[in-house]
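Shown next as C-alpha coordinates: one chain only, the form predicted alone.
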Amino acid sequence: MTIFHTEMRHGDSGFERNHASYQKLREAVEAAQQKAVLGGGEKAAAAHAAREKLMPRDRINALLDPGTPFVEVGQLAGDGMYDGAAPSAGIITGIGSVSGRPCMVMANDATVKGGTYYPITIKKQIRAQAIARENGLPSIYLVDSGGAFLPLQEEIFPDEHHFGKIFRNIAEMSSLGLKQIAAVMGSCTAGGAYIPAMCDETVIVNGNGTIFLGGPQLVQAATGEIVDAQTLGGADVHTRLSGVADHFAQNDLHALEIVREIVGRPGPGTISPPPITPRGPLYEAEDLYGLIPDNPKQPIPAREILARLMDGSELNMYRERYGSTLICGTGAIGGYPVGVLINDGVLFSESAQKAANFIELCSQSDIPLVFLHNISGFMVGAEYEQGGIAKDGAKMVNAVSTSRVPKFSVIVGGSYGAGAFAMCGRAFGPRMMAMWPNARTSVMGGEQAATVLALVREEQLARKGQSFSGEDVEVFKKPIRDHYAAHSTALHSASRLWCDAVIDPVDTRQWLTLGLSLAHGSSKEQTRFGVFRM
(Lines give C-alpha, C1' and ligand atoms only; values in the text may rest on other atoms or scores of the structure.)
Protein backbone atom coordinates (compact mmCIF):
# COMPACT_ATOMS: atom_id res chain seq x y z
CA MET A 1 0.00 0.00 0.00
CA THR A 2 1.02 3.57 -0.69
CA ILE A 3 0.38 5.83 2.30
CA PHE A 4 -0.25 9.41 1.23
CA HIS A 5 1.46 12.00 3.40
CA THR A 6 0.40 15.62 3.22
CA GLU A 7 2.64 18.45 2.10
CA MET A 8 0.10 21.02 3.25
CA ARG A 9 1.15 23.65 5.80
CA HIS A 10 -1.42 25.56 7.87
CA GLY A 11 -0.76 29.27 7.92
CA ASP A 12 0.74 29.47 4.43
CA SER A 13 -0.62 32.50 2.58
CA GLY A 14 -1.88 30.30 -0.24
CA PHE A 15 -3.70 28.00 2.18
CA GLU A 16 -5.42 30.89 3.97
CA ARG A 17 -6.39 32.56 0.68
CA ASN A 18 -7.85 29.32 -0.67
CA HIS A 19 -9.69 28.68 2.60
CA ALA A 20 -11.33 32.13 2.59
CA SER A 21 -12.32 31.79 -1.07
CA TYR A 22 -13.87 28.38 -0.50
CA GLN A 23 -16.06 29.67 2.33
CA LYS A 24 -17.78 31.99 -0.17
CA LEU A 25 -18.55 29.03 -2.43
CA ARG A 26 -19.94 27.08 0.52
CA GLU A 27 -22.10 30.04 1.56
CA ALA A 28 -23.66 30.25 -1.92
CA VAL A 29 -24.55 26.55 -1.81
CA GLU A 30 -25.91 26.81 1.74
CA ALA A 31 -28.13 29.76 0.74
CA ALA A 32 -29.60 27.73 -2.13
CA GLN A 33 -30.15 24.77 0.19
CA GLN A 34 -31.96 26.92 2.76
CA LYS A 35 -34.25 28.26 0.04
CA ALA A 36 -35.01 24.72 -1.12
CA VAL A 37 -35.88 23.59 2.42
CA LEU A 38 -38.37 26.46 2.87
CA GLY A 39 -40.55 25.07 0.08
CA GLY A 40 -43.43 27.32 -0.98
CA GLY A 41 -42.93 29.90 1.75
CA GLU A 42 -44.65 30.97 4.97
CA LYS A 43 -48.12 31.70 3.55
CA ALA A 44 -48.36 28.31 1.82
CA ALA A 45 -47.00 26.57 4.92
CA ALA A 46 -49.64 28.24 7.12
CA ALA A 47 -52.43 27.12 4.76
CA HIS A 48 -50.98 23.59 4.79
CA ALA A 49 -50.88 23.49 8.59
CA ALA A 50 -54.44 24.87 8.83
CA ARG A 51 -55.63 21.65 7.20
CA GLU A 52 -54.01 19.73 10.09
CA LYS A 53 -51.35 18.36 7.76
CA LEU A 54 -47.73 17.87 8.73
CA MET A 55 -45.16 19.66 6.61
CA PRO A 56 -43.50 17.26 4.15
CA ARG A 57 -40.11 17.29 5.91
CA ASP A 58 -41.86 16.69 9.25
CA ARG A 59 -43.60 13.71 7.67
CA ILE A 60 -40.24 12.30 6.64
CA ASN A 61 -38.76 12.90 10.10
CA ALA A 62 -41.69 11.08 11.70
CA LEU A 63 -41.33 8.18 9.26
CA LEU A 64 -37.59 7.59 9.72
CA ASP A 65 -36.00 5.68 12.58
CA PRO A 66 -35.12 8.19 15.34
CA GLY A 67 -31.58 9.52 15.17
CA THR A 68 -30.84 8.15 11.70
CA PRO A 69 -29.73 10.35 8.78
CA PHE A 70 -31.72 11.25 5.69
CA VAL A 71 -29.52 11.52 2.61
CA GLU A 72 -31.38 13.81 0.28
CA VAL A 73 -31.22 13.29 -3.48
CA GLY A 74 -31.77 16.28 -5.76
CA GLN A 75 -32.36 18.85 -3.03
CA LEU A 76 -31.33 21.71 -5.33
CA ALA A 77 -33.39 20.52 -8.32
CA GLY A 78 -35.36 23.40 -9.84
CA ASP A 79 -33.16 26.09 -8.28
CA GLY A 80 -33.54 29.21 -10.42
CA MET A 81 -35.94 27.49 -12.85
CA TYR A 82 -39.57 28.47 -13.66
CA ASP A 83 -38.98 31.95 -12.21
CA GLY A 84 -38.26 30.38 -8.83
CA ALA A 85 -41.68 28.71 -8.59
CA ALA A 86 -40.44 25.16 -7.94
CA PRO A 87 -37.95 25.02 -5.04
CA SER A 88 -36.52 21.52 -4.70
CA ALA A 89 -38.73 20.66 -7.70
CA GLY A 90 -41.76 20.46 -5.40
CA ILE A 91 -40.84 16.99 -4.17
CA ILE A 92 -38.43 15.74 -1.49
CA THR A 93 -36.56 12.53 -2.28
CA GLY A 94 -33.86 10.71 -0.37
CA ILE A 95 -32.64 7.59 1.38
CA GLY A 96 -33.38 6.89 5.03
CA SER A 97 -33.85 4.05 7.50
CA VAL A 98 -37.44 2.92 8.18
CA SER A 99 -37.98 0.06 10.64
CA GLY A 100 -34.32 -0.83 10.25
CA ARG A 101 -34.41 -0.96 6.44
CA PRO A 102 -32.93 1.57 4.01
CA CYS A 103 -35.73 2.98 1.85
CA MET A 104 -36.17 5.54 -0.88
CA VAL A 105 -38.68 8.13 0.34
CA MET A 106 -40.49 10.44 -2.10
CA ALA A 107 -42.69 13.14 -0.52
CA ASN A 108 -44.66 15.69 -2.53
CA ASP A 109 -44.47 19.23 -1.16
CA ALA A 110 -47.99 20.65 -1.44
CA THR A 111 -46.73 24.10 -0.39
CA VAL A 112 -45.12 24.35 -3.85
CA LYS A 113 -47.91 24.95 -6.36
CA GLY A 114 -50.11 22.39 -4.60
CA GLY A 115 -47.53 19.67 -5.19
CA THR A 116 -48.07 19.77 -8.96
CA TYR A 117 -45.51 18.16 -11.24
CA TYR A 118 -43.18 20.34 -13.30
CA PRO A 119 -40.89 18.63 -15.84
CA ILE A 120 -38.03 18.77 -13.31
CA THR A 121 -40.31 17.16 -10.68
CA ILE A 122 -40.84 14.15 -12.90
CA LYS A 123 -37.14 13.93 -13.70
CA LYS A 124 -36.32 14.01 -9.99
CA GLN A 125 -38.83 11.30 -9.05
CA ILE A 126 -37.67 9.04 -11.89
CA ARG A 127 -34.07 9.53 -10.74
CA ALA A 128 -35.06 8.55 -7.19
CA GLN A 129 -36.77 5.42 -8.50
CA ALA A 130 -33.65 4.50 -10.51
CA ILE A 131 -31.50 4.71 -7.36
CA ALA A 132 -34.05 2.56 -5.51
CA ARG A 133 -34.03 -0.07 -8.23
CA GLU A 134 -30.24 -0.27 -8.55
CA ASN A 135 -29.76 -0.59 -4.80
CA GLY A 136 -32.71 -2.90 -4.10
CA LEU A 137 -34.56 -0.39 -1.90
CA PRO A 138 -38.28 -0.33 -1.00
CA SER A 139 -39.99 2.84 -2.24
CA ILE A 140 -42.29 4.93 -0.05
CA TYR A 141 -44.48 7.58 -1.69
CA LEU A 142 -45.92 10.27 0.62
CA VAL A 143 -48.51 11.61 -1.80
CA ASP A 144 -49.92 15.15 -1.66
CA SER A 145 -50.16 16.39 -5.22
CA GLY A 146 -52.47 18.16 -7.61
CA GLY A 147 -51.06 16.19 -10.56
CA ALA A 148 -49.45 17.64 -13.66
CA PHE A 149 -48.68 21.36 -14.02
CA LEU A 150 -51.02 21.82 -16.97
CA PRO A 151 -49.36 24.83 -18.70
CA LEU A 152 -46.31 22.61 -19.37
CA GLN A 153 -48.24 19.46 -20.28
CA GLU A 154 -46.28 18.67 -23.43
CA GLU A 155 -43.08 18.55 -21.37
CA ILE A 156 -44.73 16.29 -18.81
CA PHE A 157 -47.13 13.85 -20.37
CA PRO A 158 -46.43 12.10 -23.67
CA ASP A 159 -42.78 11.05 -23.88
CA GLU A 160 -40.72 8.06 -22.80
CA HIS A 161 -39.31 9.65 -19.65
CA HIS A 162 -42.35 11.72 -18.73
CA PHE A 163 -45.14 11.06 -16.18
CA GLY A 164 -45.96 7.54 -17.32
CA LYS A 165 -42.42 6.37 -16.54
CA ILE A 166 -43.14 6.79 -12.82
CA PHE A 167 -46.03 4.30 -12.99
CA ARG A 168 -44.12 1.86 -15.15
CA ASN A 169 -41.26 1.96 -12.64
CA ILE A 170 -43.65 1.14 -9.78
CA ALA A 171 -44.93 -1.92 -11.64
CA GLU A 172 -41.47 -3.13 -12.61
CA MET A 173 -39.95 -2.65 -9.16
CA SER A 174 -42.88 -4.46 -7.57
CA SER A 175 -42.28 -7.35 -9.97
CA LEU A 176 -38.66 -7.44 -8.73
CA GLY A 177 -39.83 -7.86 -5.15
CA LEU A 178 -39.09 -4.27 -4.11
CA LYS A 179 -41.94 -3.05 -1.91
CA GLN A 180 -43.94 -0.11 -3.25
CA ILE A 181 -45.89 1.67 -0.51
CA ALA A 182 -48.01 4.82 -0.74
CA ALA A 183 -49.49 7.04 1.95
CA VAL A 184 -52.04 9.44 0.49
CA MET A 185 -51.96 12.47 2.80
CA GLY A 186 -53.57 15.05 0.55
CA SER A 187 -54.72 15.35 -3.04
CA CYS A 188 -53.93 12.64 -5.55
CA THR A 189 -55.46 13.66 -8.83
CA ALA A 190 -55.70 12.54 -12.46
CA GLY A 191 -52.75 10.45 -13.67
CA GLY A 192 -51.13 10.85 -10.26
CA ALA A 193 -53.87 8.61 -8.87
CA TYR A 194 -52.04 5.67 -10.40
CA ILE A 195 -49.19 6.04 -7.89
CA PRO A 196 -51.26 4.72 -4.94
CA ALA A 197 -53.39 2.54 -7.20
CA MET A 198 -50.30 0.70 -8.49
CA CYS A 199 -48.42 0.36 -5.21
CA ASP A 200 -48.31 -2.93 -3.30
CA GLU A 201 -50.11 -1.36 -0.34
CA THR A 202 -51.73 2.03 0.10
CA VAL A 203 -52.66 4.04 3.18
CA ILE A 204 -55.07 7.01 2.99
CA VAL A 205 -55.66 9.74 5.59
CA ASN A 206 -59.26 10.47 6.54
CA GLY A 207 -60.42 14.02 5.81
CA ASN A 208 -57.39 15.11 3.77
CA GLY A 209 -56.51 12.19 1.50
CA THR A 210 -58.33 11.94 -1.83
CA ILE A 211 -57.77 9.76 -4.89
CA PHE A 212 -59.61 10.34 -8.16
CA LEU A 213 -58.90 10.29 -11.88
CA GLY A 214 -61.08 13.38 -12.31
CA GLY A 215 -61.69 15.94 -9.56
CA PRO A 216 -65.05 17.52 -8.70
CA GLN A 217 -64.63 20.32 -11.27
CA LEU A 218 -63.79 17.91 -14.07
CA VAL A 219 -66.69 15.63 -13.13
CA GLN A 220 -69.10 18.55 -13.21
CA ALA A 221 -67.70 19.79 -16.54
CA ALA A 222 -67.81 16.34 -18.13
CA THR A 223 -71.06 14.91 -16.69
CA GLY A 224 -72.90 17.70 -14.91
CA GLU A 225 -72.70 15.78 -11.63
CA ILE A 226 -71.98 17.91 -8.56
CA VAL A 227 -70.00 16.02 -5.94
CA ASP A 228 -67.56 16.98 -3.16
CA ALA A 229 -63.98 15.65 -2.99
CA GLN A 230 -64.49 13.26 -0.05
CA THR A 231 -67.62 11.68 -1.55
CA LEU A 232 -65.80 11.32 -4.85
CA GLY A 233 -62.57 9.84 -3.57
CA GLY A 234 -61.99 10.15 0.16
CA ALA A 235 -60.62 7.63 2.66
CA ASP A 236 -64.00 6.13 3.51
CA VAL A 237 -64.87 5.57 -0.16
CA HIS A 238 -61.58 3.93 -1.08
CA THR A 239 -61.17 1.69 1.98
CA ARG A 240 -64.84 0.65 2.30
CA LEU A 241 -66.29 0.74 -1.22
CA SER A 242 -63.73 0.86 -4.04
CA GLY A 243 -60.80 -1.06 -2.52
CA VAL A 244 -58.38 1.39 -4.15
CA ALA A 245 -56.69 1.89 -0.74
CA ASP A 246 -55.92 -0.76 1.87
CA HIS A 247 -55.49 1.08 5.17
CA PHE A 248 -57.63 3.82 6.78
CA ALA A 249 -55.58 6.35 8.79
CA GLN A 250 -56.98 8.95 11.19
CA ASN A 251 -54.19 11.47 10.54
CA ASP A 252 -50.69 11.87 9.15
CA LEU A 253 -48.92 10.32 12.14
CA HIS A 254 -51.23 7.30 12.10
CA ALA A 255 -50.56 6.84 8.38
CA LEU A 256 -46.81 6.92 8.95
CA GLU A 257 -47.11 4.34 11.74
CA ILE A 258 -48.88 2.01 9.32
CA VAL A 259 -46.16 2.54 6.70
CA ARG A 260 -43.48 1.71 9.26
CA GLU A 261 -45.31 -1.52 10.13
CA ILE A 262 -45.52 -2.53 6.47
CA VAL A 263 -41.81 -1.88 5.89
CA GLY A 264 -40.87 -3.71 9.10
CA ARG A 265 -42.39 -7.05 8.15
CA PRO A 266 -39.85 -9.89 7.80
CA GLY A 267 -37.93 -9.96 4.54
CA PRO A 268 -34.64 -8.95 2.87
CA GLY A 269 -33.25 -5.46 2.76
CA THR A 270 -31.10 -4.68 5.80
CA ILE A 271 -27.67 -3.10 5.39
CA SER A 272 -24.81 -5.51 5.98
CA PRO A 273 -21.80 -4.21 7.95
CA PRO A 274 -18.58 -3.34 6.08
CA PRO A 275 -16.35 -6.35 5.37
CA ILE A 276 -13.24 -4.49 6.58
CA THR A 277 -12.82 -2.66 9.87
CA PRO A 278 -13.18 1.05 8.96
CA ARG A 279 -10.25 3.35 9.63
CA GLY A 280 -10.20 7.10 9.39
CA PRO A 281 -7.73 8.95 7.16
CA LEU A 282 -4.52 10.26 8.71
CA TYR A 283 -5.48 13.88 8.00
CA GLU A 284 -8.48 16.13 8.62
CA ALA A 285 -10.94 16.63 5.75
CA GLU A 286 -11.33 20.31 6.71
CA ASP A 287 -7.85 20.87 5.27
CA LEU A 288 -9.37 20.52 1.80
CA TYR A 289 -10.81 24.04 2.02
CA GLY A 290 -7.27 25.43 1.98
CA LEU A 291 -5.91 22.91 -0.52
CA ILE A 292 -8.34 23.64 -3.36
CA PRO A 293 -6.88 26.61 -5.29
CA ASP A 294 -8.99 29.74 -5.52
CA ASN A 295 -7.84 29.95 -9.15
CA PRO A 296 -9.57 27.13 -11.07
CA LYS A 297 -6.74 27.12 -13.62
CA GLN A 298 -4.34 25.81 -10.98
CA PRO A 299 -4.16 22.04 -10.43
CA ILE A 300 -5.89 20.39 -7.47
CA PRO A 301 -3.45 18.09 -5.60
CA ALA A 302 -4.92 14.62 -6.19
CA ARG A 303 -2.80 12.90 -3.54
CA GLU A 304 -3.90 15.39 -0.91
CA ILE A 305 -7.52 14.48 -1.63
CA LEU A 306 -6.78 10.76 -1.32
CA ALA A 307 -4.93 11.38 1.95
CA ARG A 308 -8.21 12.71 3.39
CA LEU A 309 -10.60 10.24 1.76
CA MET A 310 -9.15 6.73 1.94
CA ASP A 311 -9.17 4.53 5.03
CA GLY A 312 -5.74 4.95 6.61
CA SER A 313 -4.85 7.34 3.73
CA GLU A 314 -3.79 4.16 1.87
CA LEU A 315 -4.11 3.07 -1.74
CA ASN A 316 -2.65 0.04 -3.49
CA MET A 317 -1.48 1.85 -6.61
CA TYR A 318 -1.97 0.25 -10.03
CA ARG A 319 0.77 1.00 -12.61
CA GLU A 320 1.92 3.96 -10.54
CA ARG A 321 4.69 4.88 -12.99
CA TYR A 322 2.67 4.42 -16.20
CA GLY A 323 0.05 6.87 -17.43
CA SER A 324 0.68 8.91 -14.30
CA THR A 325 -1.84 11.64 -15.12
CA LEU A 326 -4.53 9.24 -13.90
CA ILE A 327 -4.07 7.66 -10.46
CA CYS A 328 -5.69 4.23 -10.14
CA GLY A 329 -5.68 1.94 -7.14
CA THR A 330 -7.61 -0.18 -4.68
CA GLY A 331 -8.27 0.57 -1.03
CA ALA A 332 -11.22 1.08 1.28
CA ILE A 333 -13.65 3.86 2.20
CA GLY A 334 -15.59 3.35 5.42
CA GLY A 335 -14.53 -0.29 5.47
CA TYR A 336 -15.89 -1.03 1.97
CA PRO A 337 -13.40 -2.09 -0.76
CA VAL A 338 -13.17 0.32 -3.70
CA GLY A 339 -11.25 0.93 -6.86
CA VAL A 340 -10.43 4.62 -7.19
CA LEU A 341 -9.66 6.65 -10.31
CA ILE A 342 -8.64 10.29 -9.82
CA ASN A 343 -7.27 12.67 -12.43
CA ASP A 344 -3.86 14.25 -11.93
CA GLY A 345 -3.59 15.95 -15.31
CA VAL A 346 -4.89 15.61 -18.86
CA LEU A 347 -5.74 12.12 -20.17
CA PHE A 348 -3.13 10.65 -22.54
CA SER A 349 -3.35 7.34 -24.42
CA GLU A 350 -1.31 5.64 -21.67
CA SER A 351 -3.61 6.80 -18.87
CA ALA A 352 -6.73 5.77 -20.83
CA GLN A 353 -5.29 2.28 -21.50
CA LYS A 354 -4.34 1.96 -17.84
CA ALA A 355 -7.86 2.94 -16.76
CA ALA A 356 -9.48 0.39 -19.07
CA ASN A 357 -7.26 -2.38 -17.67
CA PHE A 358 -7.91 -1.28 -14.08
CA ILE A 359 -11.68 -1.25 -14.61
CA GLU A 360 -11.44 -4.78 -16.06
CA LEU A 361 -9.61 -5.98 -12.95
CA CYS A 362 -12.10 -4.39 -10.54
CA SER A 363 -15.03 -5.79 -12.51
CA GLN A 364 -13.51 -9.27 -12.38
CA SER A 365 -13.30 -9.03 -8.56
CA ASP A 366 -16.67 -7.25 -8.01
CA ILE A 367 -14.98 -4.16 -6.55
CA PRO A 368 -17.04 -0.94 -6.78
CA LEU A 369 -15.47 1.99 -8.61
CA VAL A 370 -15.15 5.58 -7.40
CA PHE A 371 -14.36 8.25 -10.02
CA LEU A 372 -13.00 11.57 -8.73
CA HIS A 373 -13.17 14.04 -11.63
CA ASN A 374 -10.75 16.86 -12.21
CA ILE A 375 -10.26 16.59 -15.93
CA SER A 376 -9.95 19.09 -18.78
CA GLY A 377 -10.28 16.27 -21.32
CA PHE A 378 -8.09 14.12 -23.56
CA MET A 379 -4.85 15.50 -25.00
CA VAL A 380 -5.30 17.02 -28.44
CA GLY A 381 -2.92 17.73 -31.31
CA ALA A 382 -1.59 16.04 -34.45
CA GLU A 383 0.90 13.87 -32.58
CA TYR A 384 -1.75 12.45 -30.27
CA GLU A 385 -4.40 11.97 -32.97
CA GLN A 386 -1.86 10.09 -35.07
CA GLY A 387 -0.97 8.02 -32.02
CA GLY A 388 -4.59 6.84 -31.76
CA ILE A 389 -5.80 8.71 -28.72
CA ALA A 390 -9.43 8.48 -29.93
CA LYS A 391 -9.07 4.70 -30.05
CA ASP A 392 -7.46 4.53 -26.62
CA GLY A 393 -9.99 6.89 -25.11
CA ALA A 394 -12.72 4.68 -26.55
CA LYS A 395 -11.28 1.71 -24.63
CA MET A 396 -11.75 3.58 -21.37
CA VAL A 397 -15.26 4.73 -22.29
CA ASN A 398 -16.13 1.16 -23.32
CA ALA A 399 -14.90 -0.22 -20.00
CA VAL A 400 -16.80 2.42 -17.99
CA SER A 401 -19.97 1.79 -20.01
CA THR A 402 -20.08 -1.99 -19.73
CA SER A 403 -18.66 -2.62 -16.26
CA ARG A 404 -21.52 -3.78 -14.05
CA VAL A 405 -19.94 -3.13 -10.66
CA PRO A 406 -21.44 -0.22 -8.69
CA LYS A 407 -19.95 3.08 -9.83
CA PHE A 408 -19.88 6.43 -8.00
CA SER A 409 -18.77 9.81 -9.34
CA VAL A 410 -17.68 12.95 -7.51
CA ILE A 411 -16.61 16.02 -9.47
CA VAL A 412 -13.98 17.64 -7.26
CA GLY A 413 -12.72 20.16 -9.82
CA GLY A 414 -13.53 20.45 -13.52
CA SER A 415 -15.12 17.80 -15.72
CA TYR A 416 -15.08 18.68 -19.39
CA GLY A 417 -15.91 17.12 -22.74
CA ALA A 418 -15.00 13.51 -23.46
CA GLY A 419 -13.02 13.47 -20.21
CA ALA A 420 -16.31 13.74 -18.31
CA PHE A 421 -17.60 10.71 -20.24
CA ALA A 422 -14.51 8.62 -19.60
CA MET A 423 -14.68 9.42 -15.87
CA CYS A 424 -18.22 8.04 -15.61
CA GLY A 425 -20.24 11.21 -16.07
CA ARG A 426 -24.02 11.29 -15.69
CA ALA A 427 -24.71 9.57 -19.00
CA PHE A 428 -22.69 6.52 -17.91
CA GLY A 429 -24.87 5.48 -15.02
CA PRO A 430 -23.08 6.12 -11.74
CA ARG A 431 -25.30 4.90 -8.93
CA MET A 432 -24.86 8.26 -7.26
CA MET A 433 -23.11 11.41 -8.45
CA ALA A 434 -22.11 14.55 -6.56
CA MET A 435 -20.19 17.76 -7.11
CA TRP A 436 -18.14 19.88 -4.73
CA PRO A 437 -19.13 23.59 -4.52
CA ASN A 438 -16.10 24.59 -6.63
CA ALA A 439 -16.79 21.98 -9.33
CA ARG A 440 -17.68 22.84 -12.92
CA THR A 441 -18.76 20.83 -15.94
CA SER A 442 -19.43 21.66 -19.59
CA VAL A 443 -18.55 20.48 -23.07
CA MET A 444 -15.33 22.51 -22.79
CA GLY A 445 -14.00 25.44 -20.77
CA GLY A 446 -15.50 28.86 -21.42
CA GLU A 447 -12.26 30.36 -22.73
CA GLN A 448 -11.74 27.44 -25.13
CA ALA A 449 -15.33 27.66 -26.37
CA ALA A 450 -15.05 31.42 -26.90
CA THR A 451 -11.76 31.04 -28.77
CA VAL A 452 -13.09 28.24 -31.01
CA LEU A 453 -16.19 30.24 -31.94
CA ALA A 454 -14.13 33.40 -32.47
CA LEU A 455 -11.83 31.55 -34.89
CA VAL A 456 -14.86 30.23 -36.78
CA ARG A 457 -16.28 33.75 -36.95
CA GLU A 458 -12.96 35.17 -38.13
CA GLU A 459 -12.83 32.62 -40.97
CA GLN A 460 -16.39 33.47 -42.00
CA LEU A 461 -15.64 37.20 -42.13
CA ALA A 462 -12.35 36.63 -43.98
CA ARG A 463 -14.21 34.83 -46.75
CA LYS A 464 -16.36 37.95 -47.10
CA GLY A 465 -13.31 40.22 -47.09
CA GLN A 466 -14.21 41.73 -43.72
CA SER A 467 -11.84 42.36 -40.82
CA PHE A 468 -12.08 41.03 -37.25
CA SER A 469 -9.88 43.19 -35.01
CA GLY A 470 -8.56 42.32 -31.58
CA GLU A 471 -11.22 44.56 -30.04
CA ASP A 472 -13.91 42.82 -32.09
CA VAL A 473 -12.66 39.46 -30.85
CA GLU A 474 -12.96 40.50 -27.19
CA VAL A 475 -16.48 41.87 -27.69
CA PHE A 476 -17.44 38.62 -29.41
CA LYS A 477 -15.89 36.35 -26.76
CA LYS A 478 -17.16 38.02 -23.58
CA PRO A 479 -20.82 36.87 -23.68
CA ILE A 480 -19.67 33.33 -24.50
CA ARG A 481 -17.31 33.30 -21.52
CA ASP A 482 -20.06 34.71 -19.30
CA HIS A 483 -22.56 32.11 -20.47
CA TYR A 484 -20.20 29.22 -19.80
CA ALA A 485 -19.25 30.68 -16.41
CA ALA A 486 -22.91 30.87 -15.35
CA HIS A 487 -23.99 27.52 -16.78
CA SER A 488 -21.12 25.26 -15.72
CA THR A 489 -21.37 25.70 -11.94
CA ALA A 490 -22.26 23.03 -9.41
CA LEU A 491 -25.49 24.87 -8.52
CA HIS A 492 -26.58 25.05 -12.15
CA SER A 493 -25.86 21.35 -12.62
CA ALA A 494 -27.72 20.39 -9.44
CA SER A 495 -30.75 22.47 -10.39
CA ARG A 496 -31.11 20.39 -13.56
CA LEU A 497 -30.29 17.07 -11.85
CA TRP A 498 -27.05 16.59 -13.75
CA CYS A 499 -25.80 15.47 -10.34
CA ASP A 500 -27.64 14.14 -7.30
CA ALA A 501 -26.18 16.56 -4.76
CA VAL A 502 -23.69 19.32 -4.12
CA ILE A 503 -21.73 18.02 -1.14
CA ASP A 504 -19.25 19.71 1.14
CA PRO A 505 -15.78 18.20 0.68
CA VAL A 506 -15.72 17.22 4.36
CA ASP A 507 -18.85 15.08 3.83
CA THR A 508 -17.45 13.11 0.89
CA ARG A 509 -16.38 10.06 2.91
CA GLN A 510 -19.76 9.83 4.64
CA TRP A 511 -21.64 10.28 1.36
CA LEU A 512 -19.60 7.60 -0.41
CA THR A 513 -19.80 5.22 2.57
CA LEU A 514 -23.59 5.35 2.47
CA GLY A 515 -23.64 4.61 -1.26
CA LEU A 516 -21.13 1.79 -0.89
CA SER A 517 -23.11 0.25 1.99
CA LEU A 518 -26.28 0.20 -0.12
CA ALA A 519 -24.40 -1.25 -3.10
CA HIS A 520 -22.79 -3.91 -0.89
CA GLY A 521 -26.20 -5.37 -0.10
CA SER A 522 -27.61 -5.19 -3.63
CA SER A 523 -27.57 -8.02 -6.15
CA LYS A 524 -24.43 -8.50 -8.22
CA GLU A 525 -24.45 -8.29 -12.01
CA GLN A 526 -22.06 -10.06 -14.35
CA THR A 527 -19.88 -7.83 -16.51
CA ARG A 528 -19.58 -8.57 -20.22
CA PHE A 529 -17.32 -6.19 -22.10
CA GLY A 530 -17.83 -5.24 -25.72
CA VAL A 531 -15.17 -5.12 -28.42
CA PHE A 532 -12.10 -3.05 -27.51
CA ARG A 533 -10.43 -1.47 -30.56
CA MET A 534 -6.78 -2.52 -30.27
Ligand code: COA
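Residue numbers here begin at 1 and follow the sequence given. Not measured: the values here are computed from a predicted model.
The form predicted in complex with the named molecule exists for this protein as well; it is not shown, and the discussion that follows is about that form.
Engineer: If I take 3+ ligand atoms inside 2.4 Å of backbone or C-beta atoms as the clash criterion, is the pocket here open or blocked once the named molecule is superimposed from its pose in the predicted bound form?
Structural biologist: Judged by the transferred pose of the named molecule in the predicted bound form, this form is open (no ligand atom within 2.4 Å of backbone or C-beta).
Engineer: Mind telling me which stretch in 106-114, 89-97, 194-202, 324-332 gets its heavy atoms within 4.5 Å of the named molecule in the predicted bound form?
Structural biologist: Contact criterion met by 106-114 only.
Engineer: Within 4.5 Å of the named molecule in the predicted bound form, heavy atoms considered, which of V456, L150, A221, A171?
Structural biologist: It is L150 that has a heavy atom within 4.5 Å of the partner.
Engineer: Consider the chain as shown here, without its partner, and state which of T189, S363, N135, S313 has a heavy atom within 4.5 Å of the named molecule in the predicted bound form.
Structural biologist: For this set of options, the contacting one is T189.
Engineer: Indicate whether the named molecule has at least one heavy atom within 4.5 Å of a heavy atom of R51 in the predicted bound form.
Structural biologist: Within the cut-off, so yes.
Engineer: Is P119 near the named molecule? Define near as a heavy atom within 4.5 Å, in the predicted bound form.
Structural biologist: Judged by the heavy-atom cut-off of 4.5 Å, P119 is well away from the named molecule in the predicted bound form.
Engineer: Applying a 4.5 Å heavy atom distance criterion, does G146 contact the named molecule in the predicted bound form?
Structural biologist: Yes.
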